[in-house]
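Consider the single chain below, provided in structure tokens and representing the form predicted on its own.
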């Protein structure tokens, strides 16, 4: 396989990284907001979170992307293929990250919250400055695993017209009749990206502040 073909795969991998990174970060923000609704104890909020998580975890991502791609125009909402892909991936990972954070929030020591109350923290301050950091610290390895899963799942955005790594490999394979070489190269690029994400995650985890939670 020529360097020209490989360079095209590398360029397409940039879209894979962009889409995945956006989905992970935006999904985490949504997951934290949904966790706040869940912790509020409000029945309507609890019901909304339950339905959201159940739908986006229970329906295959491919179906979600196709549904968004066809539903939004029917509702008069015109978005680019990239925007549709970003929304689909973000909502999907948000549901998974919400469930991942559940255990982290449940492990926050009640004594820390009581101390915050005594110091005059508002519920919002207590949530953002105590609960969220501890929950993120406790679930950080799971967050890295989710990032890797989203990187691999990003190959599905090709169904809505986004030219990412897998789609580029497919296009090139169809025009050059070199499917084995191109898909093998794409697989190696995915593997390299995931290894980098894993290394960055381990490096960052070792530098996160402690949670004050005793080890189990």
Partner chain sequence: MKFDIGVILASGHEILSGLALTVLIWIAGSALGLGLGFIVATLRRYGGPLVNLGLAIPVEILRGTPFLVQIFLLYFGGPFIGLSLDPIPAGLLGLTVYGAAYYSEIFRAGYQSVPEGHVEAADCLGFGRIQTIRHVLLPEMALIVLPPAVNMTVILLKETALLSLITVPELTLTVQAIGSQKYAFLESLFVLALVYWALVEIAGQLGRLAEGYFSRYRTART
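Note that the coordinates shown come from a computational prediction; the quantities given were computed from them, not determined experimentally. Residue numbers count along the first chain shown, from 1.
Here the subject shifts to the form predicted in complex with its partner chain, a form of this protein not shown in this document.
- Answer for residue 71 alone: is it within 4.5 Å of its partner chain in the model of the complex, judged on heavy atom distances? Close contact exists here: in the model of the complex, residue 71 approaches its partner chain to within 4.5 Å, heavy atoms only.
- Message: When the contact criterion is heavy atoms within 4.5 Å, does residue 66 count as touching its partner chain in the model of the complex?
- Response: Output for residue 66 is yes: heavy atoms within 4.5 Å of its partner chain.
- Message: With a cut-off of 4.5 Å between heavy atoms, is residue 33 one of the residues that contacts its partner chain in the model of the complex?
- Response: No, residue 33 sits far enough from its partner chain in the model of the complex that none of its heavy atoms falls within 4.5 Å.
- Contact test in the model of the complex: residue 159 vs its partner chain, heavy atoms, 4.5 Å: Yes - in the model of the complex, heavy atoms of residue 159 and its partner chain come within 4.5 Å of each other.
- Message: What I'd like checked is whether 22, 83 and 100 together line its partner chain in the model of the complex, meaning each has a non-hydrogen atom within 4.5 Å of it.
- Response: None of them does, since no heavy atom lies within 4.5 Å of the partner.
- Item | Any residue of 156-185 that, in the model of the complex, places a heavy atom within 4.5 Å of its partner chain | Contacting residues: 156, 158, 159, 166, 170, 177, 179, 180, 183, 184.
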